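Next comes just one chain, in structure tokens: the form predicted on its own.
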Amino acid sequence: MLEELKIVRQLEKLFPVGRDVLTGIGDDCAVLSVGGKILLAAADQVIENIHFTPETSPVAAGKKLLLRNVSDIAAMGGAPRWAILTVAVNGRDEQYVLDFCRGVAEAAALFDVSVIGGDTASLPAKGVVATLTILGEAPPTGAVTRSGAKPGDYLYVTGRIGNSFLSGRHLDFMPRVAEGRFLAEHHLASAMLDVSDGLLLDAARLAKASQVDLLIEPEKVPLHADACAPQAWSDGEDYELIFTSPEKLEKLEDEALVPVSCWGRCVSGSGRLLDRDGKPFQSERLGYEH
């Protein structure tokens, strides 16, 4: 299995970036200064037998691909705008590809995203691999990155988590675009990312990027009725938002937004997860490692 974070650290050294790149490799999105605007760019993929099963309908698989990319834009507080799609298959007919693209289109319509191009190809072995590049606009207040948390900030998560894959919620979820935008525009989020690989693992990524330690109490995070702790803390594919804030929030002011829960606090450190007593947090598994 690839060590994703190790590879990312090497790629940061490999690829040069220009002055128009405000945030490059290592966050949910790249942040670009283009023509006086601040744009967001991200790419993600779905692979059969990893992100969906062979029994999953192509419409549902395509929908998931678009939505998980939108979630990256949400994690920066942005608004999704455009997408480029590639689909490679073996053992599937033209109708499968068209239905997959229809799923992408249905999800794109929910967020007024324009799919503006892409590519199709054949794989040498049976399966499906599809990639989507998404572009969006940062909020006027600026994109929220993973690296802005400060000692004293509170740690929050939106909504509920747990049992996403077995329940099927990983195929039909709502990216927290409105919540991310609200947090960014009201200067409430100092750092943010989405929960794709597991609550604990993604929290650790935020801590590392911000160079703080997190005193966490994951038992305070609400779970779906069919989920149980501690497995839910590392399940992944929840697509909720983890964020830090200097404010003690009971809820977001806009009643249309999902509730948020405080489950930790930032302290001086170097990227560790600590329990409430300040000792290294013990867990058999933090999340999904690529």
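It should be emphasised that the depicted structure is a prediction, and the values quoted were computed from it without experimental measurement. Don't overthink the numbering: it's just position in the shown sequence, from 1.
If you look for the form predicted together with another copy of the chain, you will not find it shown, but the lines that follow are about it.
The partner is absent here; in the predicted complex, the one residue of Met76, Ala189, Ala207, Val104 having a heavy atom within 4.5 Å of another copy of the chain is Val104. With the partner omitted here, the residue from Leu135, Ala138, Ala149, Leu200 that has a non-hydrogen atom within 4.5 angstroms of another copy of the chain in the predicted complex is Leu135.
Proximity of Ser270 to another copy of the chain in the predicted complex: non-hydrogen atoms within 4.5 Å are absent; the residue sits far from the partner. Within this chain, Trp82 lines the site of another copy of the chain in the predicted complex, having a heavy atom no more than 4.5 Å away. The shortest heavy atom separation between Leu110 and another copy of the chain in the predicted complex exceeds 4.5 Å. For the chain shown alone, Ser167 is not a contact residue for another copy of the chain in the predicted complex, no non-hydrogen atom being within 4.5 angstroms. Per the 4.5 Å heavy atom criterion, another copy of the chain in the predicted complex is contacted by stretch 88-96, the sole one of 159-167, 141-149, 88-96, 209-217. Shown here without another copy of the chain, the chain has Ile116, Gly117, Gly118, Asp119, Thr120, Ala121, Ser122, Leu123, Pro124, Val129, Thr131 in 116-132 lying with a heavy atom within 4.5 Å of that partner in the predicted complex.
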